[in-house]
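Below, in structure tokens: the form predicted alone, a single chain.
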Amino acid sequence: MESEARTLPSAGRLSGAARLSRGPLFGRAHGRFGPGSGGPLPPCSQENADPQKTAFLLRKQWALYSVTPLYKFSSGKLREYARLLGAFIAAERHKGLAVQVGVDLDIQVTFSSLPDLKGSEQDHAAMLVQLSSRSSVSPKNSEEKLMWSGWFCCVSGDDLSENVPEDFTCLPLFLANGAESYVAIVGSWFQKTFDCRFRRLAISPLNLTWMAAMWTGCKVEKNASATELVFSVPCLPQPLDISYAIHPEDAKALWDTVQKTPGEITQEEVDLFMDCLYSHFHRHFKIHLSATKLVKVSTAIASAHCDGIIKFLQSKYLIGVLMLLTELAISQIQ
């Protein structure tokens, strides 16, 4: 039985960080995400997206997956796909393989398009899959309960889409909210129908540092939540996590002193930003965070965990976060 993880308090406000006036930073560097990346970053805001249409994606935990290109997929057949997936789920339930065995549920499947979630004209429109249920003993007009949601997307995924045959559709990033058993059954149907492969998408500590730096550079409201970094201490008999919280204005001011060119980012800048945070923490607690493992980053923009869990917190930065995640999914596929 795991013991409760202990937490260290925030190191307080960072001192000596000059406040420079620079525009918002967000997005991914041209080239591969991570070491060696560098160059201009795309705009941070979602210019054409309707926040009301994407609001349901916010403040939920989404598990990340990479998906290889879908063969012979057609966005004009979403109703047919919903019917076929519903029949597949019913058949699996009859075999005793579906979730909630012993509960007589009427499961409804819906497929819908999310055309706003694109980074370029070449991107395929995102696709949402939802499973809803109503007990067989409930009245016909009773409201259905949403059980599970999953969606496929490709945001600025030209690196992949430009290099696949015409019969394939690139939607490399899949996000799921709900029981893993539903991911298994829905994923099984997609794999059999479109000859694709699902794989859990983890986020390395290195990529988490990039997210911490990029999201810190975004302009947020004055009452924004603190930037929090969670580290796992290795080689201990009991699990131990260290939580490091920084006031968002102080984190932004530190980043502004590190970043050389507004709108651009390099690996050296990310390393220097993290080293400054580590040095400040060591001065207060005499702990070398460089000897630990970064496992979670939380900011006012989004939070990300190394296990491949993401939570979107602001709609105007949704496209920017999805660009990073699409890049990670493509790198795992390739």
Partner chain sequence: MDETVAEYIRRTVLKIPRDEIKSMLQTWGFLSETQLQTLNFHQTKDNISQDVVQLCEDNSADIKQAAVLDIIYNHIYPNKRIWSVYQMNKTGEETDFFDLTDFKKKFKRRLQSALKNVTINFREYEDNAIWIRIAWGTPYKKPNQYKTSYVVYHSQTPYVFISASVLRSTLPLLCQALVVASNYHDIREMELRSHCLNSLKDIAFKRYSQTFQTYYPRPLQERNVAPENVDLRIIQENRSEKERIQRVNREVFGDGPQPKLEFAQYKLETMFKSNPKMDVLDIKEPFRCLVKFSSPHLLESLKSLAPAGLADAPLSPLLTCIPQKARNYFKIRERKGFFPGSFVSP
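No experiment lies behind these values; they were computed from the predicted model shown. Positions refer to the first chain, counted from 1.
FYI, the form predicted together with the partner chain isn't displayed, but the following is about it.
The candidate stretches are 190-198, 121-129, 246-254, 211-219, and the one lying within 4.5 Å of the partner chain in the predicted complex by heavy atoms is 246-254. Contact check for Q238, H288 and A291: all three have a heavy atom within 4.5 Å of the partner chain in the predicted complex. Only one of the listed residues (H94, K260, R83, K77) places a non-hydrogen atom within 4.5 angstroms of the partner chain in the predicted complex, and that residue is K260. Interface residue remark: D50 is not counted as part of the site for the partner chain in the predicted complex, having no heavy atom within 4.5 Å. Remark: V164 does not count among the residues lining the partner chain in the predicted complex, judged by a heavy atom distance of 4.5 Å or less. Though the partner is left out of this view, C276 does reach within 4.5 Å of the partner chain in the predicted complex, counting heavy atoms only. Using a 4.5 angstroms threshold between heavy atoms, H305 stays clear of the partner chain in the predicted complex. Of the residues in 266-285, those that come within 4.5 Å of the partner chain in the predicted complex through at least one heavy atom are, in sequence order, L272, D275, C276, L277, S279, H280, F281, H282, R283, H284, F285.
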